[in-house]
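The chain below stands alone and is given as structure tokens, in the form predicted alone.
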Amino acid sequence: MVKVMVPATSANLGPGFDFLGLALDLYNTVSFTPADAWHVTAEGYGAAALTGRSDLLVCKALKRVFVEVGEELRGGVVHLENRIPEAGGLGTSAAAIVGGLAAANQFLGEPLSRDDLLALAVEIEGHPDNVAPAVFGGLVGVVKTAAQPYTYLKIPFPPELHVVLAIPDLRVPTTEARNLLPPTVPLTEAVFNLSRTGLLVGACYAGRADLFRLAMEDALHQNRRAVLIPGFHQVINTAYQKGALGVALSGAGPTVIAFAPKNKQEAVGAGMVAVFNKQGIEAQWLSVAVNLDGFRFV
């Protein structure tokens, strides 16, 4: 049996739309043994809806690796331990895909590199910024190039910043959030995000966490998606009032991610939850570290 832990991921991080992603110290686990038929069990978030199904992303990913290396996979005994909340914006689909790919690759003796797994993960998932952090860990910038499928860069993340997640009990389908975005944007919006993304990456390299608030401003996607998340702007403002240094929509939402000093985590988390509660939305907050290494075997 192979068992792999895959971290949650937070994509976009404000201005880094479809480019930046961060791996978090919060995991889903995939256990896998080949078999003559599929037998899938699950525990944790979404267990009832996943148990007994063979059409899951994790199964698709397992089969994809076997096909890639020319091996046959008729089925498998798969057990899922889901500790990443199902609310959108934390990369649960990416975790399932990367978990399946990594588990199959490990069982077969690791014929594929992590770069190979990234390419397969994007083939299945479609968004490199969602899956790259789950593969490599840390803060990752990833782009599609002509010379090779994807080029990525691991960017140092300020170690003094702690991640605070506000997770509302609210469904925002990624496709619906994506459909709110126009096919073209004004030049001023493009320049705005280019400058903020450059500043955010530079702030990470320079260790300038004090620049995060300015650097995480966005003109491309957050305001347009805010219509799906009651109280979104109030959540952002409250997090800053409580001491956060940077706040953004996590992925397509509705989860909100904040970066705060250690002594401000509770105030930031509780403040964001209180705003959601005033909107009649149940919410929880979590404080997690940054995962630096991507998936790992246990």
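Small disclaimer: the values here were computed from a predicted structure and weren't measured. The numbering used is simple: start at 1 and walk along the sequence shown.
Absent from the display: the form predicted in complex with a small molecule. The rest refers to it.
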- prompt: Heavy atom within 4.5 Å of the small molecule in the predicted bound form: which of 61, 252, 229, 235?
  reply: 252
query: Only one of 106, 82, 174, 193 has a non-hydrogen atom within 4.5 angstroms of the small molecule in the predicted bound form; which is it?
result: 174
One stretch from 121-129, 157-165, 141-149, 95-103 that, in the predicted bound form, holds residues within 4.5 Å of the small molecule by heavy atom: 121-129
message: At 4.5 Å by heavy atoms, is each residue in 11, 17 and 225 next to the small molecule in the predicted bound form?
response: yes
task: Please run the contact check for residue 178 against the small molecule in the predicted bound form: heavy atoms, 4.5 angstroms, yes or no?
output: yes
